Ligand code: ISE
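Just the one chain here, the form predicted alone, laid out as structure tokens.
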């Protein structure tokens, strides 16, 4: 396979961003089809990307540009109404799932049935039981097809922190402190979503940096900001306990008002390391000092997403995955499920995780 033909299911904010990325930045991939519950949104995106491809096809600078007999022309990104039809299509080699988590299970099973490699945005599924069924179904195939979109593993700062901690130069890692703040969230973003859709990133970060499973989670809820609706518990403070005795915490505040801020500090036996302190020009002028903050996650983690998708494409062509697995998605779902119970009760909740050796053999 010289070129990976990609279909994208779900072209809201994240899916549309990935569509642009495949067309503009990703080498060795071509976007051939999109599907969305909002047909008008899918049509608009497909038309825009097809026009952009046509405009640039003479230079061959975009992955959708094709050449025949020395003449450049552009292929059209088509819209498929039913996402299951897109997954089954003969001209789709691999799939990016950016659809709502509530439909992931059905779509993932379809990808497995048709042997289609898939990059699935979090969550893998909405609950631990269905996520485990996905892991088991993939294992029965005898090959890994599912990669989960925990993009922080691909961020250069997080990757450098992981390399430092794994080197042992600072001794054993003891604690992890995380901050995850969004400028604002829509009124529909409820307390449970803070755990399942935001905190899940720190769940994966903790598992990845420590190389251990989270065994217990406690979600604390301080007095909420006055800028949210009744019943929304924002911010939240969670504590993770890991199998090796290490601990991690995270403050998640999705209506911070200032900007998008993600920080992580690892505390080890002989030192500490912090990422997410900001980049760019730091100024002192006019009796003020400081820099700028990104508006949202797409700005802060643009490079991480670029690296993630490119490495997914390269690995898929090799018949491999190169990132978080279905098991990682399941483990995160299990922790978040326990986190939702802790959110409700205010008490620590043990994580009910299947025996990996029995599930994966």
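Positions refer to the first chain, counted from 1. Only a predicted model underlies this, so the values are computations on that prediction, with no experimental measurement involved.
The form predicted in complex with this ligand is left out here; the points below concern that form.
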Quiz item: Going by heavy atoms within 4.5 Å, which of 161 to 169, 198 to 206, 218 to 226, 138 to 146 lines up against this ligand in the model of the complex?
Solution: 198 to 206
Self-check item: Close approach of residue 109 to this ligand in the model of the complex, 4.5 Å, heavy atom
Solution: no
Quiz item: Hey, in the model of the complex, is residue 116 touching this ligand, heavy atoms inside 4.5 Å?
Solution: no
Quiz item: Using heavy atoms and a 4.5 Å limit, would one call residue 236 a contact residue for this ligand in the model of the complex?
Solution: no
Quiz item: Does residue 94 reach this ligand in the model of the complex if we count a contact as any heavy atom within 4.5 Å?
Solution: no
Quiz item: Which listed residue (128, 248, 264, 151) meets the criterion of a heavy atom within 4.5 Å of this ligand in the model of the complex?
Solution: 151
Quiz item: Judged by heavy atom distances of 4.5 Å or less, which residues of 297 to 334 approach this ligand in the model of the complex?
Solution: 297
